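Structure 1 and structure 2 below are the same protein chain in two forms, each given by itself as structure tokens.
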Structure 1
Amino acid sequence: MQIYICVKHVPDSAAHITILDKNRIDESISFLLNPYDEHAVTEAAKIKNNTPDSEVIAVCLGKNDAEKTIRSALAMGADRGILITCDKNYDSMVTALALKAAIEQDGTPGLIFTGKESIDAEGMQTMFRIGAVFDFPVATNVVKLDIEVDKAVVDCELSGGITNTYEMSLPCVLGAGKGLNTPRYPTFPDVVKSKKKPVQKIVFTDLNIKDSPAGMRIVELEPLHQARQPKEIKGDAGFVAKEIIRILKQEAKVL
């Protein structure tokens, strides 16, 4: 079985974001493999270990620098990578079409993973778009997965800790949630080995993705300024508690 993991090269969540030209970020900051994708890679590597003749391929649409993210996925257990290189950021509709084209050129997916969301655009939809263009069933925020002969049984977490269990035919698309596993961080030998694993580069324009009139485009990006003016509440526990109750009642009007 060929397992494809769609990974994204995203800014480190701790990095300071600087906005350029009011519509893009300064990309000279630290980028890494999207944290949710780590769960996807870890799970794919686990399935590979239990399934003879299987292969794990990390696919990414990104700029040249995104090869680092593919290398991270390789160090965590993927066998090889495909980088679709482009020089601008595309929306999730185009991304899904590009990933599909690259995957179809490469092989026959038995399973496709993504993270449940990317921590940069936070669009929460790419897995559904991949499913729609392939016509495969989709589940997201997957926290438990069992692969059987011709089906996947998954637990998906809704908010508040509610989980649903679904049975899906294969191939299917799964958005990995945090509860799925504990990512297996690479050892030094893993990193060394990953450098020898092949990464194929495809130029985005060679995939001939048709322009669509439908889409999403960022027209403006601005920093979220927070002008909170912290005020201290001083006094003994009784006084502080009463003051908080007063604030909840009179200022926030929630009591």
Structure 2
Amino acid sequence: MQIYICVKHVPDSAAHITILDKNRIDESISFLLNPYDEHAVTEAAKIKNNTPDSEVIAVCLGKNDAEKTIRSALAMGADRGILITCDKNYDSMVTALALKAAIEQDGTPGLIFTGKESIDAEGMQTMFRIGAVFDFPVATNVVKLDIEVDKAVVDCELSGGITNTYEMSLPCVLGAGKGLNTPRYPTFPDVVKSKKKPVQKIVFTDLNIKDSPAGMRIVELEPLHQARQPKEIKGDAGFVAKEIIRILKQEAKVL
């Protein structure tokens, strides 16, 4: 079975983001494998170990620097990679079409993984777009997975801690959630071996994919400014503690 993992090259969440020209960021910061995709890679590698004649392929749409993210996936257990090189960012519709074209050129997917979202755009749409263009069933925020002969049984976590169980025919698209597993972080030998694994590069324009007229584009980026209103609380320790609890419950609404 060929297992494809659609991974994304994203800015490090700890990096300081600087906006340039109102619609792009300074990309001299650190980029890495999207954290949710780490769970997808780990699960795909686990399935491969339990399924004879399986292969794990990491696929990414991004600039040349995104090969680093492919290499991270290879160090975590993927067998090879495919990088679709482009010079700009695309929305989830075009991304799904590009990923589909690259996967179909390469082989026949038995299973497709993504992370449940990316930590940069947080659109949470790509896995559904991929399912739509392939006409595969989709499940997201998967926290448990069992692969049977011709189906996948998945537990998906909903809001409020509710979990639903679904049976899905194979092939299907699964968006990995944090509860699915503990990511397998590579050892030094894994990193060394990953440098020798093949990464095929495909130029985006060679796929002959056009922007969708219904697609999205970045109009303007603005930094997030959080308004803070310092408030001094006077009184004895008991009063201060009660007032803090009241503020957290009634004003901040975090309790």
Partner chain sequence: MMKNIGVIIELDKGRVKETNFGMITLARAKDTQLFAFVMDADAKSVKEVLESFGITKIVEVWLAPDQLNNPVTRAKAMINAIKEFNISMVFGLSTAMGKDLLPRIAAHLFAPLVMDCFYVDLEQKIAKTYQYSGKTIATIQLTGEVLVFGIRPNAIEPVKAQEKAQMLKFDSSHIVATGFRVIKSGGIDKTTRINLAEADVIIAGGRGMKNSENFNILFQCAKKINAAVGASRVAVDAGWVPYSMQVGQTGEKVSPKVYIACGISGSIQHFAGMKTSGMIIAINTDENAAILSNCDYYVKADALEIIPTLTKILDNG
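Being a predicted model, the structure only gives us computed values, none of them experimental. Superpose the two forms; the largest set of C-alphas matching within 1.5 Å is the rigid core. Counting starts at 1 with the first residue of structure 1 and goes up one by one along its sequence.
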Self-check item: Of structures 1 and 2, the one that is the form predicted together with its partner chain
Solution: 1
Exercise. Could you check whether the CA atom of A14 moves 2 Å or more between structure 1 and structure 2, using the rigid core for the fit?
Key: no
Quiz item: Do you see a C-alpha shift of 2 Å or more at R24 between structure 1 and structure 2, with the core held fixed?
Solution: no
Quiz prompt | Shift in Å of the C-alpha at K242 between structure 1 and structure 2 after core superposition | solution = 4.4
Quiz item: What is the Cα shift of E232 between structure 1 and structure 2 once the core is superposed, in angstrom?
Solution: 3.5
